[in-house]
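Take a look at this one chain, the form predicted alone, written out in structure tokens.
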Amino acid sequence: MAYTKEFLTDLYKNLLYTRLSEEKLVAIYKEGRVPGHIHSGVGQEATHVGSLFTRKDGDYFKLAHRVVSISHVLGVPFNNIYAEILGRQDGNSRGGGGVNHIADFSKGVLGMSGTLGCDMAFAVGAAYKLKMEGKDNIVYCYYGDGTSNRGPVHEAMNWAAAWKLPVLFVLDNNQWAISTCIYESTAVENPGADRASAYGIPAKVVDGSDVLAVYEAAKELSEYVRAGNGPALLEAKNYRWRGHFEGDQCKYRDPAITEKWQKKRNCVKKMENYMMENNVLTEAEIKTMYSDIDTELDAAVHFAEASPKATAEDLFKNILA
């Protein structure tokens, strides 16, 4: 597939934004600046960035609890993202939602449930709305390999397939459900793609560390969905670099395998090599991007920490009875 320099630069910059933001979250968590917890998505950015580069205005997005920084690609400012994560009033939910609940309806970001899988139905419900309106918009619905074993996931997929609703399911298969390896919990090799066939849903399996491969597969599937054919599924093979949560010592897995993925399947480094080999960006230009983004992220953290803390009274705001 032929790409313009502008497209490749934009894709890479958003990939780098997401990686550096995920690393920044880990850093400030270690410093004790984050109340609660975070689930780091370092290493899994390409699955989300690549697929979301097929989006258009009017689409909806049901994101996942990992790679929380991806909401910035959809237009949510880092100031608001970090304020929410730090429990501040300038956050998307006035600090009441935290890291797992970054939502912004004005950007189509629907939010998510604290119980994984239970939010799949409202993604499909949003798709039903789009079908009723007769638009060619779609819903991007992200979930993980562990979540794929839950009942609500299959209820949602069956509904989407039976009613031919415009949903692109994206399974970010990082091979770990908390501390359980996928090979110990799932009977099929591809928990998304292999099961999709039971619902008559077309699917593709792709290398989740290759952002261009993800984009190309997502482009084909998203066009299929937009044409009114019903849902499709993209399964991206990844590996969870860090623990289920920060502080998880990962005693249940072989660190040599993790190290191999970090060295051989680094989606950011892979894209950087592509950019330099194809004369899209120079090493100096890439270093400048690193510096500029790091400065921007530091400013966002500073903004968040200067924002007023959420109060007990905030619990009673934005409640609908």
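All values derive from a computational prediction rather than experimental measurement. In this text, residue numbers run from 1 along the sequence as written.
The following text describes the form predicted together with a small molecule, which does not appear among the structures shown.
Within 4.5 Å of some heavy atom of the small molecule in the predicted complex lies at least one heavy atom of Gly146.
The small molecule is not shown here, but in the predicted complex it comes within 4.5 Å of a heavy atom of Arg66. Contact annotation for His244: at least one heavy atom lies within 4.5 Å of the small molecule in the predicted complex. In the predicted complex, at least one heavy atom of Thr115 sits within 4.5 Å of a heavy atom of the small molecule. Checked against the small molecule in the predicted complex, the residues Tyr215, Trp176, Phe78, Trp159 give one hit for a heavy atom within 4.5 Å, which is Trp176. The contact with the small molecule in the predicted complex, taken as any heavy atom within 4.5 Å, belongs to Arg150 out of Arg226, His101, Arg150, Lys107.
With the small molecule left out of view, the stretch that reaches within 4.5 Å of it through heavy atoms in the predicted complex is, among 246 to 254, 168 to 176, 188 to 196, 126 to 134, 168 to 176.
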